[in-house]
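Listed next as structure tokens is one chain, alone, in the form predicted on its own.
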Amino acid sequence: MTQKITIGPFSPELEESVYFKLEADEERTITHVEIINGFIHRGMESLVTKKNFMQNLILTERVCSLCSNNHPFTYALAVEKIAGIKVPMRAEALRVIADEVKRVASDLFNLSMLTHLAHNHELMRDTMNTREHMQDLKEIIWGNRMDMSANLLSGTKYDLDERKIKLILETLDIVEPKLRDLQERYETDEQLRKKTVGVGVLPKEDALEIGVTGPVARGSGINNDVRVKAPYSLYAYRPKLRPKVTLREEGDVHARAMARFGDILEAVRIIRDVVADMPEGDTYVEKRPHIPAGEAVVRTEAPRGELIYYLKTDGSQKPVRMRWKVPTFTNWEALKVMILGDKVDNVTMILNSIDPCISCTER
């Protein structure tokens, strides 16, 4: 006998507003999946055409809180590409530091939500406590625990002196052993493994066909990290900075979690490498740039995966058109493969495993 089950759009088990229409058999195995979104559309792509280029640095940062640095960073790269602006090397280094600090905090938040859904509260507590060190670091250096406002259209708003570099290194010295301990616990904890291993499987061939990105792709054995495949900013100038990507073949919720741990530990390594060899010079181009007519497409590696910005200008002070394609947009389709044939009780766990950002997706 077929059961019709709905989850959402507003549910305490969901991070954001999503509506699942499911059909399941008597054993609660899902036989049909329909996912409906559109509950938090904000018209951001229209709003950016009403603001000037500088104002859009603020607006793009508010597309998403957990990857708030990635959006203005990618947007700035698109503007600079059209204007032919060469960003100072010190600014390139500072951008990478801000981005990788944000990556650690973002991925740790997703992992803590995973343990929350698995009812492993001790592991969740330790994950969030580790993340707090990065949050404190963001507040001290950038003045905010979420929106860092690190970027300008020709560089960065902030700089690092010796005291702040020392603080970064001291924080990483505290955080790194905690991260390695957490990585081991996530890999071996029986309670967590019981609820994640073999759950929400995305086979490699399906992952390739759908075009998933980020840790979702890497959990299915696909390396498409933009920092490696199409390096930008300081990654383009220093090949040693490019991450050693963690790949898992299992394609399940557990594999995606462990791929995120690989990203986190590589982010720590990248931050250390950059601050150990900081370029001298300016942090931005002092002359305010003119943005001529043109078009640009730029992609970067956000914590969730590939982030793409398209920008069109006409020589005025405002964009003519700007669009972004976020990681969740493609990873969303993979949910239909992951959920189908799995249990109803696992749906929210599977959804969390793609680290969905509905606000980004519905922009």
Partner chain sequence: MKIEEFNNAIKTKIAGGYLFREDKDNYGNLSAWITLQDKKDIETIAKTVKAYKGRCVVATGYKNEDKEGHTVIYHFDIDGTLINVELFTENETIVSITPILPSANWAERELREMYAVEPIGHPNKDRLFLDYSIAKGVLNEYISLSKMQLGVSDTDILWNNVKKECKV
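Keep in mind the model is a prediction, meaning the values are calculated, not measured. Positions refer to the first chain, counted from 1.
Another form exists, predicted together with its partner chain; not displayed. Remarks below refer to it.
* Asked: Using a 4.5 Å heavy atom cut-off, are 37, 41 and 310 all in contact with its partner chain in the predicted bound form?
  -> Every residue of the candidate spot has a heavy atom within 4.5 Å of its partner chain in the predicted bound form.
* Which of 188-196, 265-273, 252-260, 233-241 lines the interface with its partner chain in the predicted bound form (heavy atom within 4.5 Å) -> Heavy-atom contact with the partner occurs in 233-241.
* Asked: Any chance residue 220 has a heavy atom within 4.5 Å of its partner chain in the predicted bound form?
  -> No, no contact at 4.5 Å.
* Asked: Is there any non-hydrogen atom of residue 211 lying within 4.5 Å of its partner chain in the predicted bound form?
  -> Yes, residue 211 sits close enough to its partner chain in the predicted bound form that at least one of its heavy atoms falls within 4.5 Å.
* Answer with yes or no whether residue 46 is in contact with its partner chain in the predicted bound form, where contact means some heavy atom within 4.5 Å. => Flag for residue 46 set to yes.
* Asked: Just to confirm, residue 323 within 4.5 Å of its partner chain in the predicted bound form by heavy atoms?
  -> Residue 323: yes, in contact with its partner chain in the predicted bound form.
* To do: Identify which of 85, 179, 97, 123 has a heavy atom within 4.5 Å of its partner chain in the predicted bound form; exactly one of them does.
  => Going through each option in turn, the one that passes is 85.
* Can you name the residues of 287-303 that have a heavy atom within 4.5 Å of its partner chain in the predicted bound form? -> In sequence order, 295, 297, 299 come within 4.5 Å of the partner.
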